[in-house]
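Encoded as structure tokens, the following chain is the form predicted on its own, with no partner shown.
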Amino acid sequence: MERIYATYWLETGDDPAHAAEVIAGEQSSGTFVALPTETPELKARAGARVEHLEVLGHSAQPSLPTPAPAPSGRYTQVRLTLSWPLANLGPCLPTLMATVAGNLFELRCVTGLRLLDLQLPPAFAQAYPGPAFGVDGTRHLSGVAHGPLIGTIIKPSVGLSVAETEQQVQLLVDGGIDFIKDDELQADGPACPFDERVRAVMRVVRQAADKLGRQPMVAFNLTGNLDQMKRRHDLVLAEGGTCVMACLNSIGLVGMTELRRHAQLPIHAHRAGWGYLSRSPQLGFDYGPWQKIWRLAGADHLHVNGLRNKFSEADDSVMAAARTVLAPVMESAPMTAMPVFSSGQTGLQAQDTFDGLGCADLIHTAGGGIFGHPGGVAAGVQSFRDAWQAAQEGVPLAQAAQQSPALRQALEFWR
């Protein structure tokens, strides 16, 4: 029988073995009281199993508020692996989410819970096609065969008119940018309507493609309801665009899977809201299992934050996230997507990013790091590109700056 395996960090004031059985029952065939209809045969067929339970440590205080303090005054942390028969839900991502990350978190016996890993049977890869473009398709459409895609975000995030956005894009394509994206806050506001923005930006991009011999990729944020997203995608496609963007936590799994079903362009998946799912180490998700679900749903690019970022995430967490995006979803279905580094990025992070990932299959975006360059936007793009070239060639950044005025000026400014 094919099974789904989920591994958790669990804290409980109860006996850990009992708490594990409570969780298994709650998330499968059981409830808070034994029922005559949950026969041994049904439980054997549909009940979740406790596959592994390893005690990690103890504490005197619970990680999360609890209405029922531990009778022993001690809370135990364990590594717990549960499994479910695929027959309980079939290869359905929304039901999978309800199963492995549903009512577990609020159970009375749980004082901390975090999903660490998720292993799925091949039936999910047969039901969900995953990324349509991934790394190879993105490189083909952008014309960037080697190295990272040097990218940026239109800044300011919101407040620019269509004409002002068009001017910003002109500066970027004149500077040789590979990738441009809308900010997650910019979708279809009355000050900068989606349709008008797409048509204006694509006029500039098509002209740039004629000059460059390749077309910079622009990820237009089409986040909205299903009908809006499909119509917006079709407009981008008709205008010759090569990418669309959606905010995952805003559109949900159904929105993403339906967009993937409709789309003929790469889907740039933004993780806006990730912090409320992950920031507490005692609650929520690790990035590995979370991104695996969204890759199955069809994400071609996935945000992973950036080294020495402006947020709270540590560098080792950022690099671990990026490596999971490039790792296979399962042995029979790699479904490789492209990690997107962002947040307070400049050429200063290029070397460490390259060393940490072990390759340059990524999009590295800088908003202020490009627009804020003292030499202007073109110099910002060039400094980023020169920093990455140095990283890939193993040349120290200070040495590379001696041959690159844009990089030298950037180093003086950003340090």
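Heads up: residue numbers just count along the shown sequence, starting at 1. What you see is a predicted model, and the numbers here were worked out from it, not measured in a lab.
Keep in mind that the form predicted together with a further copy of the same chain is not shown, yet the notes after this line are about it.
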Query raised in the report: Out of 318 to 326, 92 to 100, 207 to 215, 139 to 147, where are the residues with a heavy atom within 4.5 Å of a further copy of the same chain in the predicted bound form?
Result: 92 to 100
Report task. Could you tell me if all three of Leu56, His233 and Pro334 have a heavy atom no more than 4.5 Å from a further copy of the same chain in the predicted bound form? Result -> no
Report task. Using a 4.5 Å heavy atom cut-off, state whether Glu26 contacts a further copy of the same chain in the predicted bound form. Result -> yes
Report task. Tell me, yes or no, whether Ser157 is in contact with a further copy of the same chain in the predicted bound form, where a contact means a heavy atom of each within 4.5 Å. Result -> yes
Query - Touches a further copy of the same chain in the predicted bound form: Lys292 (any heavy atom, 4.5 Å) - result: no
Report task. Answer with yes or no whether Gly73 is in contact with a further copy of the same chain in the predicted bound form, where contact means some heavy atom within 4.5 Å. Result -> no
Report task. State the residue from Glu196, Asp117, Glu258, Glu166 whose non-hydrogen atoms include one within 4.5 Å of a further copy of the same chain in the predicted bound form. Result -> Glu258
Query raised in the report: in the predicted bound form, which of the listed residues (Ala200, Leu277, Ala123, Val78) lies with a heavy atom within 4.5 Å of a further copy of the same chain?
Result: Leu277
Report summary line: Taking a further copy of the same chain in the predicted bound form and a 4.5 Å non-hydrogen atom cutoff, the residues of 107 to 137 making contact are Leu107, Arg108, Val110, Thr111, Tyr128
